[in-house]
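The chain below stands alone and is given as structure tokens, in the form predicted alone.
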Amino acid sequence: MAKQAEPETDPQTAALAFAGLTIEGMLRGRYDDQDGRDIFAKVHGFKLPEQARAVRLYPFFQPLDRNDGPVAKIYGREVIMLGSNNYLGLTRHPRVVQAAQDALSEHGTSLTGSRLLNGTTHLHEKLENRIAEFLGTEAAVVFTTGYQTNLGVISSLVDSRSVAIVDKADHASIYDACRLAEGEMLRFRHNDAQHLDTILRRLDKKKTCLVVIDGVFSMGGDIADLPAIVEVCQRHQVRLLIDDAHAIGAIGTGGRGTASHFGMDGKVDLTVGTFSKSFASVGGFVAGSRSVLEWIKHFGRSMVFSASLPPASAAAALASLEVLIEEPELVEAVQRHGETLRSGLNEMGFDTGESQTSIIPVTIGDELATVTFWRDLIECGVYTNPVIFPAVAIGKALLRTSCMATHKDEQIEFVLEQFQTLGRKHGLLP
């Protein structure tokens, strides 16, 4: 694939325009009042992508030539992949690939129906049973995506007499699930069990309640204060759901997630997970008591009204789980690489926030500085994910990095060298 075209306008002028659009243009197109009844009228002022592409500063929807796990190729250039959720590096594992190929040959490309009707196979049930066994729960239910899992689980439980109380830093799928639900949504300060306690004390005693948290937070890489949150939930006799999408395979004994990390197995009512991270596939699941999951299976709209997970994806997830069970050293490897990268960046003077895992944010602050740093890193052979407003607050832009078990030590060292060299070049380091 050819490289992106060189800018046709003066780079400095275009860059300044891009910086202004980053802060103001994204809102102007979405929220300004529009004259007339044309719903498309608001799109005409949205010039950010066009402006950014003109100076090679558009960081999204980047087409990869190839992605082999720890190494990828983009625009003909090989890069160290530091922007993936492929924590165990299993997307190219021979056993996982073969399982998907076998399922494809046996079942075809799709079941073309929902789990409720014609979209359930013995493979789906085998995967559910293995997940439940792995996490020590009565049962598990597989959804087509992790996003749909939160939508179906939360909206089916939080009715008009209920309230969902969520951590302010929870994933967008949790917020969207609460919008789909008929009940009320309240938020507590990030990882602040005391604030959660305050909200619960003020809550109408007639309201049923579901507290929803991430286990590992996808942007900050920090871990939920599960011991304190569980204590609060138990004291107020409310149920707790933990989204362990970024925790399973990455923390806990053998990669069993946040509850295992704290030695609190069995203390969480529902655990949501995904196959699109450590399990090298796509899809999601919820694990918990059998009676609760029976309810979710029949009243979760994203379960009932969506086509089921393709068998090839289910097979890949199952094979990945088996590899994880047989090779728990993969969890130690991803943690070791994360510690090496985080420590190295901290020693240089970069701000990595409260990260405790292989997800390591590097806060730059200014949106333009962040995107130009991202571009130069790619040109030097390192792929990261820029995160700018509105995903984070204005002036809090960052590069999200994440390690894999299959990264090599020398690849992490190369990444650190590039961060140091470019950090000095951009005036981010002394």
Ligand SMILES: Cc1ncc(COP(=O)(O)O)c(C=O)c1O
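Quick note: we count residues from 1 along the sequence shown, nothing fancier. Here the structure is a predicted model, which is why all the values come from computation and not from measurement.
FYI, the form predicted in complex with the named molecule isn't displayed, but the following is about it.
J.: Counting only non-hydrogen atoms and a 4.5 angstroms cut-off, does Tyr147 reach the named molecule in the model of the complex?
T.: Yes, Tyr147 is a contact residue.
J.: Does the named molecule come within 4.5 Å of any heavy atom of Gly283 in the model of the complex?
T.: Flag for Gly283 set to yes.
J.: Give a yes/no on whether His171 approaches the named molecule to within 4.5 Å in the model of the complex, heavy atoms considered.
T.: His171 belongs to the contact set for the named molecule.
J.: Gln335 versus the named molecule, in the model of the complex: is there a non-hydrogen atom within 4.5 Å?
T.: Residue-level check for Gln335: no, no contact with the named molecule.
J.: Please tell me which of Ala315, Leu309, Leu90, Ala245 lies within 4.5 Å of the named molecule in the model of the complex, judged by heavy atoms.
T.: Partner contact (heavy atom, 4.5 Å) among the options: Ala245.
J.: So the named molecule isn't shown here. In the model of the complex, which residue out of Lys277, His124, Arg115, Arg342 has a non-hydrogen atom within 4.5 Å of it?
T.: None of the other options qualify; the answer is Lys277.
J.: Which single stretch, out of 227 to 235, 204 to 212, 105 to 113, 171 to 179, brings residue heavy atoms within 4.5 Å of the named molecule in the model of the complex?
T.: Contact criterion met by 171 to 179 only.
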